[in-house]
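Here's a solo chain for you in structure tokens, the form predicted on its own.
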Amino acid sequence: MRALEILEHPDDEARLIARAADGDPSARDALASRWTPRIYRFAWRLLGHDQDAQEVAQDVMVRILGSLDRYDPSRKFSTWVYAIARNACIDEQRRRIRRPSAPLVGERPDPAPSPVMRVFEARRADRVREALDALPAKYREVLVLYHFEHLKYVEIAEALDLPLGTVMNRIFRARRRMRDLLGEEDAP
């Protein structure tokens, strides 16, 4: 059922989650279709590597679908998903430390329409990626969740299990460091 992919109301998602938890294959497919790209983008932004992000997204989706019975519907589903994805990215970063790997290359999943714009956007993206990579993980993850995944401060605090003031402070400090690294024109 493709109609399940277009959720217009939060209750629609809650019903979809409940159906998926009950084992409805079309609801599980709809959740996977909706959330796998979001998880991939989040993982790619934290890890900076396409293949690792794909593996993390797939692993996280399997974890989510396998543990829907443990999801607390009184909390936002997105917060739960991003918390699982964050933990998976941390695990992947730990695995990288233990295994030798080729240098990471900043791949861009969404190319710009024209060659000139592609070059411009690639250079800008590389600068932003390098600046993000230069930030400590605690600053990088709050910026990614806020600016790229569009979570609210409260949702970030819940996903990272941090006080709201800490999240606000980290975003402020991370933006300031990004401005220092990039200059005003490219900073978030």
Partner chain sequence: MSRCPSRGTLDAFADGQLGDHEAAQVATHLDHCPMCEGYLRQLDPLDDVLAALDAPEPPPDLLAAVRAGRRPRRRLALRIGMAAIGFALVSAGISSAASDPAIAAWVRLALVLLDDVTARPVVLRAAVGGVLIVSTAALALAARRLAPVRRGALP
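This is a predicted model, so every value here is computed, not measured. Residue numbers count along the first chain shown, from 1.
Here the subject shifts to the form predicted together with the partner chain, a form of this protein not shown in this document.
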| property | result |
| --- | --- |
| The partner chain in the model of the complex: contacted by all of Ala125, Leu132 and Phe148, heavy atom 4.5 Å | yes |
| Contact label in the model of the complex: Tyr40 to the partner chain, heavy atom within 4.5 Å | yes |
| Partner contact for Arg96 in the model of the complex: the partner chain, 4.5 angstroms, heavy atom | yes |
| 4.5 angstroms heavy atom contact with the partner chain in the model of the complex for Leu162 | no |
| Touches the partner chain in the model of the complex: Leu68 (any heavy atom, 4.5 Å) | no |
| Contacts with the partner chain in the model of the complex, stretch 56 to 92 (heavy atom within 4.5 Å) | Val56, Ala57, Gln58, Asp59, Met61, Val62, Arg63, Leu65, Lys76, Glu92 |
